[in-house]
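Consider the single chain below, provided in structure tokens and representing the form predicted on its own.
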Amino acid sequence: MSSLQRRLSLGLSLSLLVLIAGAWWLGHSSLHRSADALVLSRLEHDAGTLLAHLSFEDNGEPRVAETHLPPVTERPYSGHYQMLRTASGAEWHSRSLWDFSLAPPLLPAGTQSSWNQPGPDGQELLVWSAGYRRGDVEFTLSMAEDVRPIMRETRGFEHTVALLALLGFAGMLLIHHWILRRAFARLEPLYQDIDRLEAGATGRLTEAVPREFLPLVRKLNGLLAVQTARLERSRQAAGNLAHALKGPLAVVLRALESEAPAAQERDGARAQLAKVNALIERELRRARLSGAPAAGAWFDADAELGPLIRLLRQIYADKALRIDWTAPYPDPLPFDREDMLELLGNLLDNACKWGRQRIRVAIRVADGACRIEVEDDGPGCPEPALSEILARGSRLDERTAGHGLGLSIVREITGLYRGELRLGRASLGGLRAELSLPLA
């Protein structure tokens, strides 16, 4: 079932059914217990009256002054019955029992019991029975009443309650359906923003949505921001590459247009073609280091750093670099995976390019921030040059064959996550790049 509205309606319907069924069962049990308690109390009271007019003959035969008994016990099958049995087998019963017997069990003196049993003429009897001792005679006195009139009233009341409960259930379902429709209508501005997003009229979704949907909208807006920044970097990289290719291609074109190019022109054209080839190789290397796209995935340093370093070792296999890395944080970091691979790919590619033998990478989490350190044992940069690299425009970085290569992308990604990039001299002797990215 993919409809959220149907799932909510089904959940509410089941909850209401369970609630109504439970309430009905509790009411039913309480009502029957109360009715039984009322009848049993009356039977016990009638038993007291009978005991007051009960006596025994010398031979143990019971005698009851029937003139003091209620008239209803004189009418056959009246629904009100009394019966007495002694331990010796003597019996007395009211005239109303006629030829029917309650057949009560003999109870020890001081005990009592109650039960339901069928009576004469299809009656439903509730029987109260107690054991007594008077002198040497032990006997059991049983009182019974036909409870069908009470049950008819009780069942009629239960049917009325059940009908009202069903009507209430249907009414609550209609109200719930109306509330859901009004609640989902509040998402209409979000649907309109999605249409505007497809048309390119906006870059964000409205956050004027119900509170339950706000985290989802914010996640989508964050993903849109990441994708927008990534698209901008791609456009900028394409512009930089086109600008870098424009000069060499112009030199080659002039050499080709010349009918008899001089040796100096041919050498210049070859040098420019080599530069074009280097630019293409650089872009292909960046594409490989960025890895496969996975929109919205977080960066798992422990899982991603190993394959990235193995790829760099293959690219720079001729240098036999030793790359040490540590990433003790076991959980994925809350940064976009593609951004972090591009960031680390540029830093490590730069370190591998200028490092002689050793590269060191460390990713740590401390004080609410992720700290990334990349060091190499290359020639490094003098202090004035470091400030110049960080101050350069991205286009100049892309055209410069030095430590500034790719740092503009690193700086942009760092800025996207409100982080900080610092460059300095590494303990290995080369360049040291240190980033601090807040986790929240």
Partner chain sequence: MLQFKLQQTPKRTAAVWMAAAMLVLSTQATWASEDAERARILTERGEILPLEQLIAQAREHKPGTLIEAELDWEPDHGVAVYELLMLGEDGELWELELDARTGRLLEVEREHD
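Residue numbers count along the first chain shown, from 1. Quantities reported herein were computed from a predicted structural model and do not represent experimental measurements. What we label the rigid core is the largest C-alpha set whose atoms superpose within 1.5 Å from one form to the other.
Keep in mind that the form predicted in complex with its partner chain is not shown, yet the notes after this line are about it.
- Contact with its partner chain in the model of the complex, judged as any non-hydrogen atom within 4.5 angstroms, is confined among 299 to 307, 107 to 115, 183 to 191, 73 to 81 to 73 to 81.
- Contact annotation for E383: none of its heavy atoms lies within 4.5 Å of its partner chain in the model of the complex.
- With a 4.5 Å cutoff on heavy atoms, T206 does not count as touching its partner chain in the model of the complex; it lies far away.
- Contact check for T326: every heavy atom lies farther than 4.5 Å from its partner chain in the model of the complex.
- Under a 4.5 angstroms non-hydrogen atom cutoff, its partner chain in the model of the complex lacks A255 among its neighbouring residues.
- P120 is the sole member of G268, P120, P248, G131 with a non-hydrogen atom lying within 4.5 angstroms of its partner chain in the model of the complex.
- R63 is the sole member of R63, R371, R42, R33 with a non-hydrogen atom within 4.5 Å of its partner chain in the model of the complex.
- Interface residues of 96 to 117, taken as those with a heavy atom within 4.5 Å of its partner chain in the model of the complex (partner not displayed): L97, W98, D99, F100, S101, in sequence order.
- After superposing the rigid core, the C-alpha of M340 moves by less than 2 Å between the shown form and the other one.
- Once the rigid core is overlaid between the shown form and the other one, L125 counts among the residues whose Cα shifts by 2 Å or more.
- Annotation: Cα of S78 displaced by at least 2 Å between the shown form and the other one, core superposition.
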